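Consider the single chain below, provided in structure tokens and representing the form predicted alone.
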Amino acid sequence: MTDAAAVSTFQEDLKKRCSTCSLRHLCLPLGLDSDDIKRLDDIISQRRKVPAGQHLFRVGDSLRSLAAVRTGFFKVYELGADGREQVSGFQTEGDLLGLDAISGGAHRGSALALVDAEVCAIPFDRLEGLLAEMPGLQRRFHAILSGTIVANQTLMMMLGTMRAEHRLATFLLDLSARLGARGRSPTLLHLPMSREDIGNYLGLKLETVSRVLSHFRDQGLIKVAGRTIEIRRIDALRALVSGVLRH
């Protein structure tokens, strides 16, 4: 390898470390000092590319590693008794995949890449060792687990009490906030998931999703161009959702 190639390889490797990753304020390293981040860096076994349309893991696979999403978008889903998909979430940069397998040692659902993606593989047995030794990392990991529980509870409340327009407004606002936290536009949403997947996640039929989006468009709340949605009146969407939550 030439000197120039060696420097290029080193620079590329440096970009992929937790200590220099632009997502460290969202992912496991949040709140850790430089020494602790280095220890976390040391256990990350590989950066794995997952092409669009391929699975990171499938239901029943044994838990070997958790995966921190560096780039891309994943659909996480389970299979019902009738074999139908039930979408349980959409995960993107900075999110941690594989938490569902911790209790039983095997994945309860599957994670499908919606676009070309890359993840950091974190061997769970080595992570457990660090959690016992690093209180800061343990607190951060517990916060991620707690956030997952809260998100699931919010989804159950939404499915049980909200009308279709409120569910879709909540979905758009949540996605807007998540993308904004990642340095991307909170009002220009490029949706990698299909409307059918959105409906599956929200407990709505495909035609209902299309109808509500058209209604939002006619009200001037959003502009729709294929899978790109521009939020034009985010305060109105927030008012729609907050009015439901107050009742």
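Since we're looking at a predicted model, the values are computed, not measured. Numbering starts at 1 and follows the sequence shown.
There is another form of the same protein, the form predicted in complex with the DNA; it is not shown, and what comes next is about it.
Contact with the DNA in the model of the complex, defined as any heavy atom within 4.5 Å, is confined among 216-224, 64-72, 179-187, 51-59 to 216-224.
When contacts are defined as a non-hydrogen atom within 4.5 Å, all of A164, R195 and L206 contact the DNA in the model of the complex.
Heavy atoms of R39 never reach within 4.5 Å of the DNA in the model of the complex, leaving it off the interface.
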